[in-house]
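The chain that follows stands alone, in the form predicted alone, written as structure tokens.
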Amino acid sequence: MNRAFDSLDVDGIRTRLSAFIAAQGLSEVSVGPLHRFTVGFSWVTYGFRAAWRDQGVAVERHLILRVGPPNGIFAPYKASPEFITLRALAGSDVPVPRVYWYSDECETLGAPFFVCDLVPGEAPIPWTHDGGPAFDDARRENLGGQFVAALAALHRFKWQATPVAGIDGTTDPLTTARAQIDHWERLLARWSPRRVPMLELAAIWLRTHAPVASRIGIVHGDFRIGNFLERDGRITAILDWELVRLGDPVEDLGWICLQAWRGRSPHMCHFFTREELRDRYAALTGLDVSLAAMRYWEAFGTYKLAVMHYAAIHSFESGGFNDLRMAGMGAQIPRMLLQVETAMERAA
């Protein structure tokens, strides 16, 4: 039954997905036409309508199918960390889509995948036509408050007695930062056939200055503008959990501060200054976070984003992942390396 994902057309995906859903103990399964979304840089995303009977009860849903393509930017993929985390967070103060099924195997679609609810809303993006603000002041304050509240709720979540305790990450506060440096250094070696002196220097600097985490929590890994949905002034869902792991929560704060997410705006992710972000987060969590720690993780995040750019060009040139956005990210590598240097200088 296993075929490469790239060899399946939408009808083939639909047929195999229907059989998979029926195999979950459901009856009268009907899967409507699949519509591919162009958003997202890593997983391939489809929307569809499905109906089934669960113990005699009729169910009908608008759903999302996310597939990790074998030649994608983060291949090889695993659906389980994201699925497990989203299921654990259901009913918490973190707005997340409801998840239904997943597989880390390739038997069904030729690649790992998971299925979740289609949540209404649009994703505001950081890249404005003139590099200026993405929001007016009223919208910035409204959405910004919800944005940091969702992050605080995530970092307060009691994960220890849930299946999240088994996802990737390092739970030792002494080594969690260095473990992340090691992880992305290994990925760079896999994705770039050549040595990258600026990133080698950055890895040395980051390892030398690696902080001890004050606590271990769920780290989203890509918590920023562009990765949440908003409708009628309300954040309806936090999306894109493929980098989720256990680690130092301050990493997410540093990621929010990246230059890439704000253009020329003085506001992190177009919402707050660094000081405002720190103070709002502290008020919601009761945790004091230093600006120095945020700047360290901002430098790390810039390093991580630069490595991702090498992943993008590798997936396009060597993996045959025919998404021109990957080639576009490759063209931005020189600018990313300059941002790595600047972030380290600011954190020093």
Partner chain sequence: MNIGLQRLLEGILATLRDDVIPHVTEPYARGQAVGVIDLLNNIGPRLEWARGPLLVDIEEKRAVLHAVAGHIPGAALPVGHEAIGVTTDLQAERDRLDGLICDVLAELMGEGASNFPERDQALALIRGHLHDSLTREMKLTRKPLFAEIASGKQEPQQASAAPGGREGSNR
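Predicted model only: the values in this text are computed from it and were never measured. Positions refer to the first chain, counted from 1.
What follows is about the form predicted together with the partner chain, which we do not show.
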Proximity of residue 327 to the partner chain in the model of the complex, heavy atoms at 4.5 Å:
yes
Is the gap between residue 224 and the partner chain in the model of the complex 4.5 Å or less for some heavy atom pair?
yes
Heavy atoms within 4.5 Å of the partner chain in the model of the complex: does residue 205 have any?
yes
So in the model of the complex, is the partner chain close enough to residue 332 to count as touching (4.5 Å, heavy atoms)?
yes
Does the partner chain come within 4.5 Å of a heavy atom in each of 305, 322 and 344 in the model of the complex?
yes
Assert contact_stretch over 103-111, 212-220, 158-166, 259-267 against the partner chain in the model of the complex, heavy atom within 4.5 Å, equals 259-267
Partner-free chain; cross-checking the partner chain in the model of the complex, the single residue of 174, 189, 201, 153 with a heavy atom within 4.5 Å is 201
Consider the chain as shown here, without its partner, and state which of 275, 136, 232, 130 has a heavy atom within 4.5 Å of the partner chain in the model of the complex.
130
Going through 164-194 from first to last, which residues have a non-hydrogen atom within 4.5 Å of the partner chain in the model of the complex?
194
